[in-house]
Structures are given as structure tokens and as C-alpha cells.
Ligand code: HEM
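The form predicted on its own is given below as one chain in C-alpha cells.
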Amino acid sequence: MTDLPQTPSLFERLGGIFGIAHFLDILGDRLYENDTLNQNPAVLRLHNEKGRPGFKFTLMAWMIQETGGPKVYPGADMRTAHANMTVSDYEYDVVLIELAAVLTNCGVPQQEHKDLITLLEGFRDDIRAGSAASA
């Protein structure tokens, strides 16, 4: 029996911890400073109360884990973590647009770019779960 080569995980294709940390460091700053996102009172409160370093850490830990890397995310599942944030589809799209710009600027290959956006689209409903007021 011949062992078939394993397809590298998205985590590996994004450059592992260091590759993901590189583009998420930039994305974290862009999301933290985004005027559209900060119009959401729950987002602004999170930013003001929790601070940028913790926000970036949880974002990176979650992304590392969800792309097939080590299980390092210490937070709640996305539905629970965003239950009271009233994230609209428009705000979610703003996050994806910011991510797309960062991935492009960081030279992330098109296939990994597409695969990461597809992965995040799969979490849209969970992240919006508590968002009935913004629908």
C-alpha cells in the first residue's frame, strides 16, 4: 500500500503561526481602528474595556486553531462570544473586506486567500446569531 501525500492544512499554507501572526497583527489594528465597526456600541465597548493586545491574541489563537493549527484558542465558541454584539451582515462584510485587503497587501496567495474567506463565511451565522436587532 502506498502512502498518499497529505494535503497541507490551510494553517500550513498560510505560513503557520508566524505567517498568520504577520497578517493578523495588521488586521487586528485595522479592525480595532475601523470607524464603521466602532459605530457598533458593543464593538466599541469591547475595544475600550478589553484592550488591543487581548483582542489580537484571541483573534490569532482562534485563526491558528480554525485553519488546522494547534488547539490554542481559549475563548468561547463564535455564537457565544458574539451573542450580544449585534453584528450586522454589513459589519461582517467590512471585516472580510479588511481581511481581503490585508491578505493582498501581505502577498498571501490567491488560493489561500479564497480558502480563508470561505472558512470565515462559514462562521457568519454563528457570529450574527445574537444580531436579530441589527437585521
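All residue numbers are counted from 1 along the displayed sequence. Not measured: the values here are computed from a predicted model.
FYI, the form predicted in complex with the ligand isn't displayed, but the following is about it.
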Practice task
May I ask you to state whether Asn40 is within 4.5 Å of the ligand in the predicted bound form, using heavy atom distances?
Solution key: yes
Problem - Partner contact for Thr58 in the predicted bound form: the ligand, 4.5 angstroms, heavy atom - result: yes
Handout entry: Distance check, Leu120 to the ligand in the predicted bound form, heavy atom within 4.5 Å
Key = yes
Exercise for the section: Flag Ala21 as yes or no: does it have a non-hydrogen atom within 4.5 angstroms of any non-hydrogen atom of the ligand in the predicted bound form? Expected result: no
Problem - in the predicted bound form, the one of Leu46, Ala100, Cys106, Ile26 near the ligand [non-hydrogen atom within 4.5 angstroms] - result: Leu46
Handout entry: Within 4.5 Å of the ligand in the predicted bound form: residues from 71 to 89 (heavy atom criterion)
Key = Tyr73, Gly75, Ala76, Met78, Ala81, His82, Met85, Val87
